[in-house]
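Below you will find one chain, with nothing else, as structure tokens; this is the form predicted alone, and questions on how it binds or moves follow later.
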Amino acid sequence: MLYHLLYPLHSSLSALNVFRYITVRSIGGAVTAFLLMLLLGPWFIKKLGQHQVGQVVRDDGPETHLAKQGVPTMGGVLILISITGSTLLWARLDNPLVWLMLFVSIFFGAIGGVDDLQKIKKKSSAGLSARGKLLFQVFGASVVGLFVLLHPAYDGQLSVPFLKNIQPDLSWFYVVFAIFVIVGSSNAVNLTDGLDGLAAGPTVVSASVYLVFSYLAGHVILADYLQIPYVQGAGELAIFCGAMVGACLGFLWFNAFPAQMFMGDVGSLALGGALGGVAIIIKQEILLAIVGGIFVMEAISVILQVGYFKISKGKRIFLMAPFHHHFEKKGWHESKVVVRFWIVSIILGLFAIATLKLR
């Protein structure tokens, strides 16, 4: 919005020329989203408490989590408000990729919101049915997959980190692949959201990395030099990613141990869906498995645990899944688990950026 209002006046006031730069607007988006979270957070927490929108804790979870019962949840609503408001303020609104990402975030957030409300209403950790939730997620993800495949500027090719000359063409199967990436990412972040600050921290790292890749993918000269796919208009997604970074940092202000507010499924499903959506749109799909390694590890730990439990008729690989609960059961303090997972996430983020030059 600011671009459309102020940049046309740059001929009269040269200082307004800064609004043409994606880097400036990305920083503006991040700072705005952070400040929105910081300013609205106390009021939002108070309102959640007044309406008894509190966390429902699993009976079979770690004993230390019983104290979290009733802590205000659905903070993801404020995250979405901050991301959406900041993106609309700083991004170019004539870019369809921006609107597509806002759709993905809000749509997946709505799925999580309904799930959260069901849990609160039933006072149970069971919300929407797994089948119903998956059906809606597949629909939302298929919109992105079809957009990419049908848009004349895109194709069904994959970008493979380290092997930039190898770009397998999936053709129509790319839609199925896009659904897998986006739905998988959404659910993986949701599974990770089990400790104070655990999901928000790696999301900050992942969104920061995709901010860099979005900017590069939208710059024809840099994309050609780095041998990554050039995607016209992708640079504007750097503003969206910046808003994600700022909103999650602001959320961490209230979600750090001991948490005053949880994001709920409305936040985790939206953030995961957004990361998967950006990865698909800028053609850096496989990279998400690297930069989002923490999310991948958490999801795999659940799959292995459930699969082995059924095959072995009651035996377990981990003391408890998702993986972060395993360390809690081993006696690690919640904060130690979270900070060490953050450290791993940062290392993976740096490694993902290194793939720009590693071939």
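A quick note: this is a predicted structure, and the numbers were derived from the prediction, not measured. Position 1 is the first residue in the sequence shown; the rest follow in order.
The form predicted together with a small molecule exists for this protein as well; it is not shown, and the discussion that follows is about that form.
Exercise for review: Would you confirm whether the three residues G29, V212 and H219 all fall within 4.5 Å of the small molecule in the predicted complex, going by non-hydrogen atoms?
Suggested key: Spot residues vs the small molecule: no contact at all.
Exercise for review: Please name which of the stretches 29 to 37, 288 to 296, 317 to 325, 45 to 53 has residues with heavy atoms lying within 4.5 Å of the small molecule in the predicted complex.
Suggested key: Stretch with heavy atoms near the partner: 317 to 325.
Point to revise | Heavy atom of I300 within 4.5 Å of the small molecule in the predicted complex | key: Looking in the predicted complex, residue contacts with the small molecule do not include I300, since no heavy atom lies within 4.5 Å.
Practice item. Using a 4.5 Å heavy atom cut-off, state whether Q137 contacts the small molecule in the predicted complex. Key: Close contact is absent here: in the predicted complex, Q137 is far from the small molecule, nothing within 4.5 Å, heavy atoms only.
Review point. Is E236 close to the small molecule in the predicted complex, meaning a heavy atom pair under 4.5 Å apart or at it?
Key: Close contact is absent here: in the predicted complex, E236 is far from the small molecule, nothing within 4.5 Å, heavy atoms only.
Point to revise | Contact flag, M263 vs the small molecule in the predicted complex, heavy atom cut 4.5 Å | key: Yes, M263 sits close enough to the small molecule in the predicted complex that at least one of its heavy atoms falls within 4.5 Å.
Review point. Of the residues G145, G197, G250, G113, which one places a heavy atom within 4.5 Å of the small molecule in the predicted complex?
Key: None of the other options qualify; the answer is G197.
Practice item. Taking 4.5 Å between heavy atoms as the contact cutoff, choose which of T87, N190, T203, Q284 touches the small molecule in the predicted complex. Key: Contact with the small molecule in the predicted complex is made by N190 alone.
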